[in-house]
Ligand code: HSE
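The chain that follows stands alone, in the form predicted alone, written as structure tokens.
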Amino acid sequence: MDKKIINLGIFGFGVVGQGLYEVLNKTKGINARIKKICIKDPDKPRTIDMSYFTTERNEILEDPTIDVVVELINDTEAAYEIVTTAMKNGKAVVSASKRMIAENLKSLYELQQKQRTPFLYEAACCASIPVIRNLEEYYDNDLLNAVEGICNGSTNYILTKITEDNIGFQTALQEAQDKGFAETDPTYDIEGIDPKFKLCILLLHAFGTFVKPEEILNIGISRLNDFDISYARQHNKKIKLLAKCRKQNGGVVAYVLPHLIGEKHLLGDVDNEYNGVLVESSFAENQFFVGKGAGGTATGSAVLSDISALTYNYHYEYKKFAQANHLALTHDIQLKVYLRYKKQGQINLADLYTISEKYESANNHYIVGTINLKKLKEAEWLKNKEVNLFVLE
């Protein structure tokens, strides 16, 4: 199919918006040009000509000459309104807003089917790694077993600095913020909420399963202490925050939890702001993708890839969902875990299926054992910030 020239209307000119501008202007052969950029603050100094900018969203949404709306803002409600209005107006949309997409995925899917307008969001999952496109096109059969990965560059950068460079959590977090990898409010990153949003999106493209974010258990890295780090080093393990989904007993399990992984694990060498994704299929076994998971140009390159795909009239077909043998979310899986707590009584030991190791000291206690994911998700004691967890592999 012949390529077409497309006019872009962009919402937001932060780290990703500026990254997109940079990569678009350095890339030859993509028939796309920026016509207008909608911003919130007209007085903020900008790095490009002010003639690009407007504060009126309808200058983009109601402009019949703008073919593609690119949504790159932090306001979830406003992002949803922009995206849905654009599609209703017959415009293709590219977005990087993982929270907005995850929380509204079913309605956004239905709107695409009704309006017959493309909605692409590769940049919402793993920045520079083309995981959605691969799940849609290469793994479009029902032989996919699992998808797992490091899906948050901010936390991976922090963990690398803590464990490899021996610097403190707050110092590592500040470095991540200074480099533009972490937000000013880093809660979604360090609590494992950001990769949970991404996992919701991956579940649809991997298994045809619509899942709401609140249905998935997430624990981040904010509870990490020196005792945990020492335990990992003594056992020659690396600490990684992993998002996982896997076929299990006729359904699919999904969770975001800190893991201790061995030196031979493919994700063990994915450090700093990089992301890594492992895809397991019945016949091809494991395939491994790695790339930058944070930063303006890395994420901007994924946005640009979607824009390029639109010049060929590309759209998601949601093949796994269309196959009709949808997998329901289940929590029926046993996990081997390390649980560290500060004092007796903070964990209900009866919740564990087995206990293979137990340690007590004046300031830290831990146990190693197995627990059902459903039991773990329902455990009130897991909400205690003095309790930390690693999944052991």
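From a predicted model like this one, the values you see are computed outputs, not experimental measurements. Heads up: residue numbers just count along the shown sequence, starting at 1.
Although it is not shown, the form predicted in complex with the ligand is what the next lines describe.
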Interface segment, criterion being heavy atoms within 4.5 Å of the ligand in the model of the complex, picked from 307-315, 152-160, 218-226, 69-77:
152-160
Can all three of Leu135, Leu204 and Lys244 be found with a heavy atom no more than 4.5 Å from the ligand in the model of the complex?
no
Even though the partner isn't displayed, in the model of the complex is Ala294 close enough to the ligand, meaning a heavy atom within 4.5 Å?
yes
Can you work out whether Tyr121 and the ligand are in contact in the model of the complex, taking contact to mean some heavy atom pair no more than 4.5 Å apart?
no
May I ask you to state whether Ala182 is within 4.5 Å of the ligand in the model of the complex, using heavy atom distances?
yes
Would you please decide whether Lys98 lies within 4.5 angstroms of the ligand in the model of the complex, comparing each non-hydrogen atom pair?
yes
Within 187-204, the residues that have a heavy atom no more than 4.5 Å from the ligand in the model of the complex:
Asp189, Asp194, Lys198
